[in-house]
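For this one, two forms of the same chain are given in structure tokens, first as structure 1 and then as structure 2.
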Structure 1
Amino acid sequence: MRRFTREAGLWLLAIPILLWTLLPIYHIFLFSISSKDSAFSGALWPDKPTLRNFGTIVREEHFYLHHFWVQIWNSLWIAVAAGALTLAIATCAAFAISRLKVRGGRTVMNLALFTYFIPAAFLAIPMYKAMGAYELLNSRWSLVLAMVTLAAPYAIWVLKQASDKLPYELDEAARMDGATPLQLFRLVYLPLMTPSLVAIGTYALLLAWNEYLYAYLLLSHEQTITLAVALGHFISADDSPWELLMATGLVYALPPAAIYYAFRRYMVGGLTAGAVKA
């Protein structure tokens, strides 16, 4: 009997959790398959579900969507560039700090951690001014570099933790085998770090793809903005086409969610372990 009440209690808890989690997401989905007239009916399922919204997006047939393909390309370009650059910079730094024991490595690690603990929206303001000074505003590179700045500290931290776990004798053995630092890096370190590298690359990629604030500050031209900023523009007018916004939002949200779930094993294990150490 006690067992039964406990199971029932668990199930009872599951319902509000499910509702709370899914309601806003289902709402997006509902709008994106509704036609303009039926979108506001308040029904749980549209009378005539339709994929017309997606057609409109693909053909760029709305004022807000005239540059859809360019913008999604920008998002992709920036995410991939930021992911790759973060990965390269952070891997080198973690290797130098953890394996080569470079002098001052601890200090650099602390500087990185310090950066990690600056609230993102606060760093955005001076960063915006600096990008202006570097004349990078409105260039994709400004967002890429900003994202690298934000992602690298955490990336270095996690990679350093992971590489500290590799036995030091491996390096010594390689050194006695005649490996130069670069050979050690390429032939021993990188292959052994692959799982962490996948996790960190994905982390940086998703961070850049999902970023709104920095993109909104640093990019303003219709041809250079990312899809995230373009979505923000929908809200500027009261009569914005909600069903198109939601459909575009769904298109925008699907890739990161898919990547996230594909790499969940790496992400959850690797990243949460490094995120907060008790």
Structure 2
Amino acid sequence: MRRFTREAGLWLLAIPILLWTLLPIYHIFLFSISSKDSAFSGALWPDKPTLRNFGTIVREEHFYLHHFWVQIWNSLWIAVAAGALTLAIATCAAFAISRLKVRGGRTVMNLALFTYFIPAAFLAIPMYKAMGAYELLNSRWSLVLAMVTLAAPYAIWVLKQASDKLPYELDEAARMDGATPLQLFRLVYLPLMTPSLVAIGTYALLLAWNEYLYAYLLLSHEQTITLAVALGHFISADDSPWELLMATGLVYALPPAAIYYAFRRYMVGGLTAGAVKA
């Protein structure tokens, strides 16, 4: 009876939270299948639902959507590049600190984590000046490097904690068999770290995909901006096409949702690996 009461209480708490979470998503979907005239009718379902808004997006028929496919490609390119570069840097750094015991590695890692004491928004202007000094403004690489800078310290810390949990006997056995550090990294370390690597790569990719402030500052041309910045243009109009904005936002949300659900079994375990030690 006590177990039933506890589970019933959890369900009573979970259902309102779930509905509250899904309500904004439902309204986005509701706007996306409504016409301009019926978008603000207040009905729970439009009288004449339509997919015309999605057709407008695909065919780039609206002024703010003239570069839709280019901008979503920019978002994808930047996200994948930032995720791959963050993963490469963090993996090598964590391996060097945790397995090779590089002198001063832990100190460098802890100092890198201190960057999170400063809100990322405060670093936007210094980052803008730095990219301008290196003539990288309005280049997709400027946003990639900015995202790697923000994601790498946390990624190194997570992978280092996960790496510490691996038995050192595996390293010793590999060295006794004549394995070099590179072979140890490739044949022992990487296969055992796969869940954490997938989680960190997904984290960095989604961080870059959803970034707005740095993308707004570092990219300015219609051919180089991300779709997240392009979505902000809709709000600048006096008569904003909200139905198109919501439809575009829904399309923009589909790739990260698909990526998350594809790797969800790695996410929790990978991001929390080593956080609690026995």
Partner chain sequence: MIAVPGIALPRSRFAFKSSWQTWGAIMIAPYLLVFLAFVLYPVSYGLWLARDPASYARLFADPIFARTVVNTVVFLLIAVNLKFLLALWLSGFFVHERIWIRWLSIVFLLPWAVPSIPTIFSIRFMFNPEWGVINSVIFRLTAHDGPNWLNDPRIGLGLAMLTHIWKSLPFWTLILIAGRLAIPREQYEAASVDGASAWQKFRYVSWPSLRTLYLTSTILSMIWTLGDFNSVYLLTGGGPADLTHVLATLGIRYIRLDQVDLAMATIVCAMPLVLPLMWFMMKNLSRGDRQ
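Rigid core: the largest C-alpha set superposing within 1.5 Å between the two forms. Numbering for residues begins at 1 and runs along the sequence of structure 1. All figures in this text were calculated on a predicted structure; none of them were measured in a lab.
- Remark: structure 1 matches the stated condition (the form predicted together with its partner chain).
- Relative to the superposed core, I118 shifts its CA atom by 2 Å or more between structure 1 and structure 2.
- Structural comparison between structure 1 and structure 2 after rigid-core fitting shows the C-alpha of I17 displaced 2.8 Å.
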